[in-house]
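Heads up, the chain below is alone and in the form predicted on its own; it's given as C-alpha cells.
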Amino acid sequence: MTGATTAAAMPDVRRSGRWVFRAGIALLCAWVLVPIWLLMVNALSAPAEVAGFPKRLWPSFDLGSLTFFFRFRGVAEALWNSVQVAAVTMVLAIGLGAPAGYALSRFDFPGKEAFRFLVIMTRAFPLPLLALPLAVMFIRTGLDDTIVGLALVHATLALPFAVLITYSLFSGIPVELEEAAWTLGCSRPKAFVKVVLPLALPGIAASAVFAFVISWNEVFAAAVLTIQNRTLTAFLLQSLDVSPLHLKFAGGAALVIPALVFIFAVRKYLFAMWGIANR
C-alpha cells in the first residue's frame, strides 16, 4: 500500500518540480529583461514623458534625447576610447589567457593547483584598494591617461576569466586527437593549430566576449586613471551626475546597446563554448 501511494505521488512531485523550474526561469528572465526594457522605454520617449506620470510601458520612439546625447561634446570621443580599450583588452586577455589555459589542461607541473588558486585570488582584491598605487605607478611610467594603460588594468580584471574558460575548453578536447596528429608527422605547435585551435575557436571567441564586456562596463579604473581620454562609462559618471533624467536614460542606453549588439552577434560562439566545455 505504501509503495503504491509513493508511486502515485511521484508524478505530482515531478510536476511540482517542473513548475518550480519554470517559475525560476521566468523570474530570472524578468530580473534581466525588465530593467533593460524600462531603460529603453525611457531612452526612446520624449523628455516630458520621462518626467511625467503615470509612467509609460511602451516607448513613443522619440529620438530627441538620444540625438542630443550623441551630439553632446565629448561623447563621440569617449565612445571611441571605450571601443579601443575593449579591443586591446580582448587581445591581451586572450593572448595571455589562452596559452595559460592550454598549459593547465595539458601539462602537469609543480604548483599547478596553487597557480589555479592564485588566478582566482586575483579577483579577491577590490579595485579601489589598488587605485592609489596604480595611479602612482602609472604616473611614474607615463601610462596614466592612456588607452594602453587602462587596457592593461582591464586585461588584469579579465585575465582570470579567460584562463579558467580556456582551461575548461581545452580540457574538453581529447588529447588523443593531438597525439594522433603527432603520429602523422605534426609537431606540437602544428597539431595545436590544425587540430585543437579549430575546435576551441568558438570558446576562445566567447572568452573574448567576456573580456570585451568587462572592459566596456568597468568604470572605477577608467575614472581614476584617465582625465582627457575617458571611456564612455567614466564620461557618463562625470558628466551626467547633474543632468536631466531623460539624458541619464539616454546615456544608459548608449552603454547597453553596443554590448547587447556585440553579444547578439557572437551568440553562436557562446552556445558552442557551452557544448565544448561540457564534453
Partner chain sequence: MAEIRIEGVEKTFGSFTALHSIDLTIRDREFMVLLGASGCGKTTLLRIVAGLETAGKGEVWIGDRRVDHLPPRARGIAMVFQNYAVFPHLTVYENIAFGLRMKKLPQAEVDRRVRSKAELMHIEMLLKRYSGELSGGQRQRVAVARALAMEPEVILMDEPLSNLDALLRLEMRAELKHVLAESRTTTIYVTHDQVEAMSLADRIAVMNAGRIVQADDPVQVYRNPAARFVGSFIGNPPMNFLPASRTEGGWRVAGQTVPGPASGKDRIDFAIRPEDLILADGGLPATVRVVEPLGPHTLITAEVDGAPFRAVLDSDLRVAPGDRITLAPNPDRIRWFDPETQDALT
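Positions refer to the first chain, counted from 1. Here the structure is a predicted model, which means the values were calculated and not measured.
Omitted here: the form predicted together with its partner chain. The next part is about that form.
Undergrad: Of the residues 137, 148, 91, 177, which one places a heavy atom within 4.5 Å of its partner chain in the predicted complex?
TA: None of the others qualify; the residue that does is 177.
Undergrad: Only one of 157, 205, 199, 83 comes within 4.5 Å of its partner chain in the predicted complex by heavy atoms, so just point that one out.
TA: Checking each option against its partner chain in the predicted complex, the one that comes within 4.5 Å is 199.
Undergrad: Would residue 182 sit within 4.5 Å of its partner chain in the predicted complex, counting heavy atoms only?
TA: Taking the distances in the predicted complex, the answer for residue 182 is yes, it comes within 4.5 Å of its partner chain.
Undergrad: If we define contact as a non-hydrogen atom of the residue within 4.5 angstroms of the partner, is residue 195 a contact of its partner chain in the predicted complex?
TA: Yes, residue 195 sits close enough to its partner chain in the predicted complex that at least one of its heavy atoms falls within 4.5 Å.
Undergrad: Residue 122 near its partner chain in the predicted complex, any heavy atom under 4.5 Å?
TA: So residue 122 does not count as contacting its partner chain.
Undergrad: Contact between residue 187 and its partner chain in the predicted complex at 4.5 Å, heavy atoms?
TA: Residue 187 belongs to the contact set for its partner chain.
Undergrad: Out of 123-131, 73-81, 97-105, 169-177, where are the residues with a heavy atom within 4.5 Å of its partner chain in the predicted complex?
TA: Every other range fails; the passing one is 169-177.
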